[in-house]
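Shown here is one chain on its own, the form predicted alone, set out as structure tokens.
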């Protein structure tokens, strides 16, 4: 194996990423070396490409970016057990500490010392990735590399959707980006009665309808109260999944919820947003913030659902060679695509 690899690097503090030659990572006794097969482009990667305020505050330069991946193990540290050379894997991109109260209690996703591959540490937009064996998630044969490369965002969707009991419930998803669409698909898969997904982007609403049995709604063209009536719902939505990061969408969601409704928030609004807390209090609404994936319960559940018929493949709208990465980022930045997967083989 050569000691050099190609990688997409945030090489300069300005918009863009650059393909560079970098040394293949050296692994420690608790690490594995993964030969990357496919990667997904994430909204976080777009922030890094754009070099917005968040990226400038967060990302060290230079850094190999990317955190959605699938590949195979090609080397292992001497202390690694339970894995094998040649094994197909994906992995949890949040690198946790081991000393916090949360970690010691097994609530790894809440560890305050968490660092992200491709955000704080060298990432997966490269031919090889070093990853702690603890973070490795083996892929069953039923899950190919293409789906393996989007398990990270699917995990966000699963974590959000399963925040509350959905069996027989009416669910409103605000934001038809790829994660919102996958969350809607999960809600239907686990037994929600009606799932309505809203967005202002007609392309993404059409994609949502192709991926899952949902009711797509543009709130500028259709009133949610009319949708509630058309679906035969008596009061409103039982559960809301907020994926848009848009304050107007959250306001609409609050108004459309039943008394005592429950909302899971994954979308991140820019800056500070005004909230009418009186409406939330008087409607007795429960709000839960969602971050990342539960390590590793979310991974277990989403793999089980994929093995049991959950189908989100249609959310992948573009498949490109990594040499065409600029085109992939242009497509994602355009705002109308689903997931874009880059092939590194």
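Positions refer to the first chain, counted from 1. Keep in mind that this is a model prediction, so the values were computed, not measured.
We do not show the form predicted together with a small molecule, though everything after this point is about it.
Using a 4.5 Å cutoff between non-hydrogen atoms, residue 122 does not count as a contact of the small molecule in the model of the complex. Shown alone here, residue 176 lies within 4.5 Å of the small molecule in the model of the complex, counting heavy atoms only.
Using a 4.5 Å cutoff between non-hydrogen atoms, residue 290 counts as a contact of the small molecule in the model of the complex. Interface membership of residue 199, defined by any non-hydrogen atom within 4.5 Å of the small molecule in the model of the complex, is confirmed. Between 106-114, 240-248, 186-194, 79-87, the stretch whose residues reach within 4.5 angstroms of the small molecule in the model of the complex through a non-hydrogen atom is 240-248. Site annotation in the model of the complex: the residue of 225, 74, 231, 268 reaching within 4.5 Å of the small molecule with a heavy atom is 268. Taking 118, 180, 261, 148 one by one, only a single residue has any non-hydrogen atom within 4.5 Å of the small molecule in the model of the complex, and it is 180.
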